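Shown next as structure tokens: one chain only, the form predicted alone.
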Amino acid sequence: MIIVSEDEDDSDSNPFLFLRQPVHDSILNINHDYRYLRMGYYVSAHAETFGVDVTPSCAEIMDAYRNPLLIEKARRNGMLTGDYRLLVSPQGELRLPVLLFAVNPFTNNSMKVVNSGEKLPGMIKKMSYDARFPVSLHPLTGEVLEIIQIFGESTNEETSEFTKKFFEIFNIPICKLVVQIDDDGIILNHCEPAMKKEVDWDIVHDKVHEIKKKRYENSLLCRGIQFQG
């Protein structure tokens, strides 16, 4: 496995160098932003062009970063999610307050909390690029938290089991999750890139060290050598 990361301490190759070379080994792509047409996405797409295994894959990225795909995949795998509606304009009776998330591929950190019915049409119009893309509308029922997920670890102790399950399902090494906490538990609402300054890079270093150690142990076992220490 080749580790591709912007952090020189953890990487076997930086993204810019990686994109200039052919790929023959499986790839662990460590990035704080995997959005479509961003560097993290290009690394995974480049690896897939050469037919090698990559974490995360382009399909996994799209599943996590497109709000409707995120919710449906999470729901199918037993995670708690709320109801949502895709709209390009206000339709029918909408119970307020709500959370709005952009579904277009260009907007980042898009969450808007809307408490007023008067503001809702204008907000939807703006976030949908004048009805070119849908907006995902989620009922606001609990306390909203933004948590950073790093290889299943959480920056919020209350959500540690939740982020562990998220990583097992979606295979995204680093991301920000928008959740609500209410009487039913932790509800998943959205996944988006983490800002670099929001990431606990000490956790990243520890996780990468574990991965490298396991890779070394496995290489020794393949050669019939018992790992000591």
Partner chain sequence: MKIACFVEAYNFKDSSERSALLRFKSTAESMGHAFEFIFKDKISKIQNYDALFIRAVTDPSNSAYIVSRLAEQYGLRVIDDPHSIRTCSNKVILHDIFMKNNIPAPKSSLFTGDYSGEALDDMRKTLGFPVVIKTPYTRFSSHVEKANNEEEFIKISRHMLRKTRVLVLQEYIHSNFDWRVGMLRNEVLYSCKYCIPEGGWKVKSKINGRNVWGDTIAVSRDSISTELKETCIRLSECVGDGLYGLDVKETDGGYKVIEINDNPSIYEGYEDAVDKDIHERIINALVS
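Numbering follows the first chain given and starts at 1. Predicted, not measured: the structure shown is a model, and the values here were computed from it.
This protein has a second form, the form predicted together with the partner chain, left out of what is shown; the following refers to that one.
**Q** Does residue 42 make contact with the partner chain in the predicted bound form, using a 4.5 Å heavy atom cut-off?
**A** Result yes; residue 42 sits at the interface with the partner chain in the predicted bound form.
**Q** Using heavy atoms and a 4.5 Å limit, would one call residue 147 a contact residue for the partner chain in the predicted bound form?
**A** Answer no; every heavy atom of residue 147 is more than 4.5 Å from the partner chain in the predicted bound form.
**Q** Might residue 36 be said to contact the partner chain in the predicted bound form, defining contact as any heavy atom within 4.5 Å?
**A** The answer is yes: residue 36 has a heavy atom within 4.5 Å of the partner chain.
**Q** Is the gap between residue 115 and the partner chain in the predicted bound form 4.5 Å or less for some heavy atom pair?
**A** Residue 115: no, not in contact with the partner chain in the predicted bound form.
**Q** Spell it out for me: taking the partner chain in the predicted bound form, does every residue among 50, 72 and 104 have a heavy atom no farther than 4.5 Å from it?
**A** Yes: 50, 72 and 104 each sit within 4.5 Å of the partner chain in the predicted bound form.
**Q** Heavy atom within 4.5 Å of the partner chain in the predicted bound form: which of 169, 203, 59, 181?
**A** Here the answer is residue option 59.
**Q** Scan 94, 111, 86, 123 and let me know which has any heavy atom within 4.5 Å of the partner chain in the predicted bound form.
**A** Here the answer is residue option 86.
**Q** Quick one: name the residues from 107-139 with any non-hydrogen atom within 4.5 angstroms of the partner chain in the predicted bound form.
**A** Heavy-atom contacts within 4.5 Å come from 131, 132, 133, 134.
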